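Just one chain is shown here, as structure tokens, and it is the form predicted on its own.
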């Protein structure tokens, strides 16, 4: 069985430090026999969700708007066994574009339940832990096992390529890749993942 991880580069810079960190992960995944694809978010405009509800009302399984990268991500997630999302830190938060596109992808029905996931934050100096935590919250809501490393999945660098000098950060990326490969192989060892049965979801508003 071929296992595949989709790595989403949430930076507008195609060859910046976020890409370098994800590339370190991808190389280690491949070394572990797991296919890795890095997808570039790009630098074109990305819509935020406008709560039109058409994706769910019409059971589209994808966003009703098809004029940006969102539905390409949805399609790639159908084939991927796991997801890793990398983002630079902007004002102590993930890139707004990557958050907007993932919110739409997950809400509209991207096939992600039970698929392991991990976040990677890359920053010049501060805000990385808040960025990392923010991205992980999406995975937890979607029943995606969160894959860890020897430390939070954080790497430091400002100018392109500088992140390579963060030796602990790069080791953290490799350990993340090892853990992701190990978990995927365990889940799919006998061709029957044996995912837990889920109760029918009960949503509740605090004010009625």
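Residue numbers count along the first chain shown, from 1. Every value quoted in this text rests on a predicted model; they were computed, and no experiment measured them.
The same protein has a further form, the form predicted in complex with a small molecule, not shown here; the description that follows concerns it.
Participant: Pick from 105, 119, 122, 82: which has a non-hydrogen atom within 4.5 Å of the small molecule in the predicted complex?
Facilitator: That would be 122.
Participant: Heavy atoms, 4.5 Å, the small molecule in the predicted complex: which of 141-149, 157-165, 25-33, 61-69 makes the cut? Say which one.
Facilitator: Flagged stretch: 157-165.
Participant: May I ask you to check whether residue 88 falls inside a 4.5 Å heavy atom distance of the small molecule in the predicted complex?
Facilitator: Close contact exists here: in the predicted complex, residue 88 approaches the small molecule to within 4.5 Å, heavy atoms only.
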